[in-house]
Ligand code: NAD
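A lone chain, given as structure tokens: the form predicted on its own.
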């Protein structure tokens, strides 16, 4: 999933643009940046792990007593064993969440008080930022420089932003006649289940936690089984921030068990899911087969990054294209996996992309110098390598990378930056979401063909176009069927702008005030006041 903004165009060695991150985090980020590889390794050796479910304000074992192994993808070694939640655990969490909601512990708390507690929650995430960044890197494999400078500060910033929004949202009064007062009230949905992905474990969770709690709901979070540790850890930070018992619950487990139980539970009012389209469709089925709970989905993409011959800065476009697919090991839902380039500039763009890519070879995620880390697990690594083999068989030209690598002192799951040229948009590597550092370069002759190719996918999450012609940019941005379109940039934005997709990328929006709409009900109160 995306961060607020990817690396600034034109600088292959630059850090991502960190927009709207509160100054509270500056000291923590500076401290993290000063730590060496040896410092991070020493901290990792002494780190303790929370590994239980968090239900009704306390950590508990799974009802069955079962656990699953949580593996460090950089080494292949087990970090800890995590409670494997199932139907009974989801039921316990749903009962706790429902009781808290009905008693009004959070749902009827004064907005100013909810605001104060969410902001305290964000402050505690900042306070524990170094620990959380280390958990994120050990659990998911992303570089520590990204965990500490991007994921954790943006997570805290997201929750703080929604906390600040709580007492800024007004109800409405309809324009009725003098004998009537009609109020339009916004009320919380009730109990919401959030099923979040493994690629940005805490950041994607915060995109759900912030608006769900800001709207007054009770919450059950199921983190991905590949990377549950940060979400489990922040549960006690929520309690420390005086978020009442039963309002914030975490049930780790597998999708087919804990995830399905959330989707089918008769006393969960809504589900928000980020992940694959295949699983997203299951949640729609679960809703129809249970209580018709509302469902919002963000199900990935196959982002077209269109570079036209009149792009204002080819180096900037190429650098952004490289970061757009290799950042976070390509495990990003809106990764620019399809580079669609007008023929006159294709060779120049591709050479620059590969020049940047060669500097981004995978390394030890705990090394602050590393720019690409490990793939989240062996299953995902093999999936990526399988797509690379498909690309070769289908006739695409492999220009760079294409294999598994083993950096020094790292024995885990690493795939080198990979670039295919001469890709036909009908090929599997151009149509299916690989979720890895694999770029498909597609050459087109005209802007019209670029748009046609860009839209020729089941997805519609994001798109980009590079051109110096403002009329052309506006026309293309209107014609591209995507929830976000960037012009002369890639992955730009911040918490104030909505994020979500068209077509089979899902529906509903994360981020911005629009996210609150998913977790609120509108109630009309019509009062006859007489003459």
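Numbering follows the first chain given and starts at 1. Owing to the predicted nature of the structure, the values given are computational and were not obtained by experimental measurement.
Keep in mind the form predicted together with this ligand is missing from the figure; the text below concerns it.
Enquirer: May I ask you to choose, among 161, 198, 106, 387, the residue with a heavy atom within 4.5 Å of this ligand in the model of the complex?
Expert: Partner contact (heavy atom, 4.5 Å) among the options: 198.
Enquirer: Can you pick out, from 172, 256, 351, 88, the residue that has a heavy atom within 4.5 Å of this ligand in the model of the complex?
Expert: Partner contact (heavy atom, 4.5 Å) among the options: 256.
Enquirer: Just to confirm, residue 118 within 4.5 Å of this ligand in the model of the complex by heavy atoms?
Expert: Flag for residue 118 set to no.
Enquirer: Evaluate residue 141 for contact with this ligand in the model of the complex, applying a 4.5 angstroms cut-off between non-hydrogen atoms, and reply yes or no.
Expert: Residue 141: no, not in contact with this ligand in the model of the complex.
Enquirer: So, residue 283 and this ligand: in the model of the complex, are they within 4.5 Å at any heavy atom pair?
Expert: Residue 283: contacts this ligand in the model of the complex.
Enquirer: Would residue 40 sit within 4.5 Å of this ligand in the model of the complex, counting heavy atoms only?
Expert: No, residue 40 stays farther than 4.5 Å from this ligand in the model of the complex.
Enquirer: In the model of the complex, which of the stretches 175-183, 110-118, 404-412, 258-266 has residues with heavy atoms within 4.5 Å of this ligand?
Expert: Heavy-atom contact with the partner occurs in 258-266.
Enquirer: Does anything in 215-231 come within 4.5 Å of this ligand in the model of the complex by heavy atoms, and if so which residues, in order?
Expert: Contacts from 215-231: 222, 223, 224, 225.
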